[in-house]
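One chain is shown next in structure tokens, namely the form predicted on its own.
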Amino acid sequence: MTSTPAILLIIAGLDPSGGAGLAADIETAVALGVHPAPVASLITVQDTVNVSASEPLAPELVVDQAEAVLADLPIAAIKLGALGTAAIGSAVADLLARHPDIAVVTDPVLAAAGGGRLAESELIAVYRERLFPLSRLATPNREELALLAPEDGAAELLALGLPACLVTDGEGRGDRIVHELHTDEVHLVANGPRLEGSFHGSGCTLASAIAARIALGDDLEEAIHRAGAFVQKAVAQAYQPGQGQKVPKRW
């Protein structure tokens, strides 16, 4: 009899180009041997260039999707992607509080790489006050961190109750990609040479890969290292399906 794989609950937005959001999360989970349970939080009008519109779902519908999955499947970890509104964020926080034993990786998506907004400004306070204290890890990039914690960066988020913050370096400078893992101390996590080009969904892929590795039983630092290696390989094999960014080959 075939054994059941670890199961990752994903709450994120739908990107119809297939490069980011739920599509990236699902591909990543499957590539790592994890069963994805995808819950839609918002629908976007998006291509590989930018987001032109987004429509959040009703918070009750988002939570009902997740609760149906949680009642039926043994969820090993949860990954949060784009949530869109403070109302959805608050409803998801209520959901997480009812399931405190499941590790949560929160990718605080605020905008697309092309600059299109994916979150209302009121969601920032919900991340800070409610979602981060319920998460095992948050994975903001440097632009997101500046909005989420303008005074003291990752240390500010840790002071609010977030156990660990990985400041991601996917669009940074220098010859190598170096993420910063902040806990009670700072660890630099190098994941290989920086490759030329811009990549659609690389941040989603990293957060999903970390969550998938946690679902498989890795501790946090091991999950981050293995996920980083997965993303590095996916980006090295990236292809350009449209007129904008390249898409990591996750499969």
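It should be emphasised that the depicted structure is a prediction, and the values quoted were computed from it without experimental measurement. One rule holds for the numbers: they count along the sequence shown, beginning at 1.
A second form of this protein, the form predicted together with a small molecule, is not displayed here; the remarks below concern that form.
**Q** Choose one stretch from 57 to 65, 29 to 37, 193 to 201, 212 to 220: the one whose residues place a heavy atom within 4.5 angstroms of the small molecule in the model of the complex.
**A** Single hit among the candidates: 193 to 201.
**Q** Taking heavy atoms and a 4.5 Å cut-off, does residue 123 contact the small molecule in the model of the complex?
**A** Taking the distances in the model of the complex, the answer for residue 123 is no, it never comes within 4.5 Å of the small molecule.
**Q** In the model of the complex, is there a heavy atom of the small molecule that lies within 4.5 Å of any heavy atom of residue 165, even though the partner is absent here?
**A** Heavy-atom contact with the small molecule at 4.5 Å: absent for residue 165.
**Q** Looking in the model of the complex, any heavy atom of residue 118 within 4.5 Å of the small molecule?
**A** Residue 118: contacts the small molecule in the model of the complex.
**Q** Under a 4.5 Å heavy atom criterion, is residue 224 part of the interface with the small molecule in the model of the complex?
**A** Because no heavy atom of residue 224 falls inside 4.5 Å of the small molecule in the model of the complex, the answer is no.
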